[in-house]
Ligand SMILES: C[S@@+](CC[C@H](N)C(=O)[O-])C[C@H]1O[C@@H](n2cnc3c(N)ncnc32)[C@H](O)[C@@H]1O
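One chain comes next, on its own, written as structure tokens: the form predicted alone.
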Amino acid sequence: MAPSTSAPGSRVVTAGFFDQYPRFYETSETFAYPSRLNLRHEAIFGENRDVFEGRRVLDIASHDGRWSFAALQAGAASVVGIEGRPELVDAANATFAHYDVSPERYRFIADDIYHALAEEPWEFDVVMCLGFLYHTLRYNELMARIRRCNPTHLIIDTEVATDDRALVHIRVEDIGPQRNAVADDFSHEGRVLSGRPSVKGLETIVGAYGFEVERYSDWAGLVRDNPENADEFKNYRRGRRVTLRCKAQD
């Protein structure tokens, strides 16, 4: 994890975003810890609020809609979430209805991400790829489809391999657990090949498709100033997970 450039005490999160919308603590089996979700919200939206105002947003692997909801609250005009697990799409729709979000501002699609992105001529201003990149090995296809959406910004939150070289650590995932990869066209006997890129590998992947890393979120400052429940976000603390903002180059 890179050292923080912020002043000690300047990154304290006193009012957690999801504490205002506690239904999201109950709609997923995947790490719905308040401290973790609220710090991730700060890293993803608190540091990037300027790119969401009035924008059309795509949420890749939208899970229970938590980040789609946060994008709208950050000022996005609309959001489309694509999620491969139908029960999570049902949860997202139910939660948005519970919080009286206008149906004109959101759409959730229960489908394979690659299929859904190929079926329509999508146009988005911001693409969020949060908690997905390490559940796939289909980087060429994913990045090509993202680029065709013509976004100005790409926000990524992902686990990374702790290696100084530009590489991807390959693994095999069981598709059963809700937090794992979903079945796709290349699954075999309930398993999917996926990979964790190193930071240099990640920068190589986005750079190959015309994106430049503008900045990494200040997880060092967030960890320093919010030490409570530190085990809930230890992968960020140990440099095994990062949040970054990329901008499309002309």
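Please read these numbers as outputs of a predicted model, since none were measured by experiment. Residue numbers run from 1 along the displayed sequence.
One more form of this protein should be noted, the form predicted in complex with this ligand, which is absent from this view; the next part is about it.
Within 4.5 Å of any heavy atom of this ligand in the model of the complex lies no heavy atom of residue 204.
Within 4.5 Å of some heavy atom of this ligand in the model of the complex lies at least one heavy atom of residue 178. Contact between residue 139 and this ligand in the model of the complex is not found at the 4.5 Å heavy atom cutoff. Interface residue remark: residue 171 is not counted as part of the site for this ligand in the model of the complex, having no heavy atom within 4.5 Å. Exactly one listed residue, out of 60, 70, 57, 222, brings a non-hydrogen atom to within 4.5 Å of this ligand in the model of the complex: 60. This chain lacks the partner; the member of 134, 124, 96, 108 within 4.5 angstroms of this ligand in the model of the complex by a non-hydrogen atom is 134.
None of 97 to 105, 82 to 90, 161 to 169, 144 to 152 except one has non-hydrogen atoms within 4.5 angstroms of this ligand in the model of the complex; the exception is 82 to 90.
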